[in-house]
Structures are given as structure tokens and as C-alpha cells.
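Here's a solo chain for you in C-alpha cells, the form predicted alone.
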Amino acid sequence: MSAGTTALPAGRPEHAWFAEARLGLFVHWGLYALPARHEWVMSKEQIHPDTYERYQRYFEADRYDPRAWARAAKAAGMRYAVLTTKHHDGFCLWDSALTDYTTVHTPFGRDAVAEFVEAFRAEGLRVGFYHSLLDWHHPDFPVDVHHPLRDDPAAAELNAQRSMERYRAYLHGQVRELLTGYGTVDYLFFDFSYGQDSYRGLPGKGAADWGSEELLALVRELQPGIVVNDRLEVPGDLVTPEQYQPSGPMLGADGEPLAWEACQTLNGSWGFDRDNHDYKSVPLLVRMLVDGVANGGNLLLNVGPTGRGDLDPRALASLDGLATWMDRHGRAVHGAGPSGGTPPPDCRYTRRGDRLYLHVFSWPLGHLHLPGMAGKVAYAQLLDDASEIALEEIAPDQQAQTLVPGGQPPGTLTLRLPTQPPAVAVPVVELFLR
């Protein structure tokens, strides 16, 4: 995350939707879906840009149907979606006037961004764009630590002919296109600045190289209500931990809570990776979502569509599993946040108004003891079917006997649970607070 990044500005109602949503869909799609070996395949395998260009000739995407993506996202309880308009390989999913390296100049022949925006808005989801600061295809982008030509003996000679100033104008021009051509854009996810990196004398690129201050000012001018992430190396509206779940609320240097969003993959790869079978289970995905909400954060969960443009069956199965859980438990997520209380072990609290939600990651036998909750709960039920959960307060001095449990610390509320948990990914007890 960037130093000095702040939380979503207080008093800006146009940003309230973000914390309310809690769950979004990330979509990584581009030419890298054809080699199907990770979205960084061009860099990892050091494929020359001229060689990589061949994928443009074979990008047909004959099964591209963003309406199906949008329906699956909405069913899974997602409230917004973020599409990779351009990843680091430089290939653009919209009809850019600044390059022919786009979906329009392929056998597919259409503006994929326009169709995505229309489909997701039709389902009532907010729309965000991911845009890479890097561009390994552009002839003016200097070779650096991440560039596929970083080990080319002629790298320094190539850089002598390249102009970061010209590339910066191209970068800003494309952002202007995206923010003026598709109506209201709710979220912009830049990726990423790396001024501290270097490799064999090739420097990284930081805020000054991208013109980050000017770029952010342009974004706010064109879309005043937009949410912008923290990867320009200047303060943004939220922080974006990637591929890990924060162990608690994320705090700024002043100790104040930050708005945050964990971006996560289903299997460790952002782009379609045919031979990667390391998919997270649905219960794990639900626990990740709940843990984030309990700590004041969002989850941006990624899918990588295939080269033909549809969602991998394994990704659809993950979304279907989320949909089943969210259908009955969505109100413990949407609009919910931290409770300020301490849950029992292997549990998480989320709170929405006067209702406290106890997410039980590990189902206990018979009783669950809630510290500090005695006298604070009027009623309790399982959220999935609204069946009542009995409440009791066990006196601290009660002696354990053959059929009588021992006392609990003062202020403890005890729930009497059924032996069998609900047949859901993560059971939830809804507590109505006094």
C-alpha cells in the first residue's frame, strides 16, 4: 500500500455505496487468456512483444457474453464489478483512438468494455475499471525490471530511443478516453507503481514517471464521484491488500481505520490458467468475505474468463456456491461492518444496525459462550431458517456436576445450539440487540 493513503473521505455520500457493497467481482481478461498460463506470461517467459502480438490474430472470443457474467455476479451477492481495460501486456479491451492494439482490431472486432458496461449496469451493478500503468507493448515504454526484454543485451540501447514523456501522454490520454466514453464510472483500480525496484541498472517507475498527481487530478476532474485505489504511489481513497487477508482492521499512521478491499483470486492466478487446479473451497471463500467485513473491509473476488470469452466451469461453481450462501445470509454482509465486540474463538461478528451476526467457523457441541453479551440480546435465531436459538446466562459460581456445566465469567451470554449445524458453508446466528 502507499504511504499516506487515507480512508474514504468522510461526508461524501457518493462513496457510501462502496462500504455498503462489501463484495465485488474482478475480471482479468485479455490476450493472455489464449496462452492460458497466467496474466504475466509475457514477462515470466520473456516473450518478445513482436512474438506476443500473434495472439491478436487469434482473439475471437466467440462466446463473450458479459450479460451471463453480470447475472452470475449479481446472484453471488456482488454489488460492483471491475474489468481489466488494459493489463501490463498493453492490449486494450476498448476502441482506443490512440492504438490499434485493441479488441476492435481482432477477429472479435468489438468494443468489449462497452458491452461489459451495458451488461452490468442492466443488472444494477456498479462499474469499475482496472487500468495498468505498465505497457510492455508500447514502443516508448522504457525497458525495466518487469519488462519481458529486461535481459536483452540491447535493453539500454532500446531505452535510449524511448521516451517516458511520450508514454505518459499516451497513458493519460487513454485514461481520459475511458472516463469520458462510458458514462459514470464508479471505481478506478490503477496497477501499479514500483519506483523502488531496479534490475541490472534498469530503474523502476514511480509517481513522477506516471505523472501520478496530474493523473489523479484528471480522474477527479472527469469523474468527481469516483473511488480511486492506492496504487499510483500517491494517496487514494482506499488500500488494496492483495492475495492475503488482513488480520485486523487496517489503520493509517494516525491510528485511524482505513477503507480497504482485499483483492483475491480463486486459484492464485488472475488471468485464465488452464492447468492451475488450486481452487479455494466455497466455505473458505465465505470465511474470507466474512473475516473482511468483520474487520471493515471489502472482498474483490477475481475470475479469469477463457480465450473464448466465457467463465471457466470451476469459476462458475465458486460463484454458484457463493450465491447459495449469500441468498440466505446476505444481510449479514451488505451494509454490515465491525461490531466492536470480541467474538468466541473460531467465530466472527458483523453488525448492521441493531442486529449482530455471529458467523460460526467451527461448530461447537451444544453451547457457545459470548463474552460481554449478557443482557444485551433480546432474541436469537439461525439466519438461514429463522429458527430460534435459546439464550441463557450461567452463574459464575455454578459448580460443574455430572449433567451441569460449570460457571462462566460474569457478563457471558450462552447460546444453546443444535447438535447438527445448518447445511450451509458458514452458519450464522442473528442476534437482535436490546
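Everything quoted here is computed from the prediction, not taken from an experiment. When you see a residue number, it is the position in the sequence shown, counting from 1.
Omitted here: the form predicted in complex with a small molecule. The next part is about that form.
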| item | value |
| --- | --- |
| H87, R231 and E242 each touching the small molecule in the predicted bound form (heavy atom, 4.5 Å) | yes |
| The single option of Y279, Y130, Y170, F108 touching the small molecule in the predicted bound form, heavy atom within 4.5 Å | Y130 |
| Position in contact with the small molecule when the complex is considered in the predicted bound form, options A155, V117, C263, C347, heavy atoms within 4.5 Å | C263 |
| Residue stretch of 43-51, 25-33, 398-406, 59-67 approaching the small molecule in the predicted bound form, non-hydrogen atom distance within 4.5 Å | 25-33 |
| is_contact(D191, the small molecule) in the predicted bound form, heavy atom dist at most 4.5 Å | yes |
| Contact of W270 with the small molecule in the predicted bound form (heavy atom, 4.5 Å) | yes |
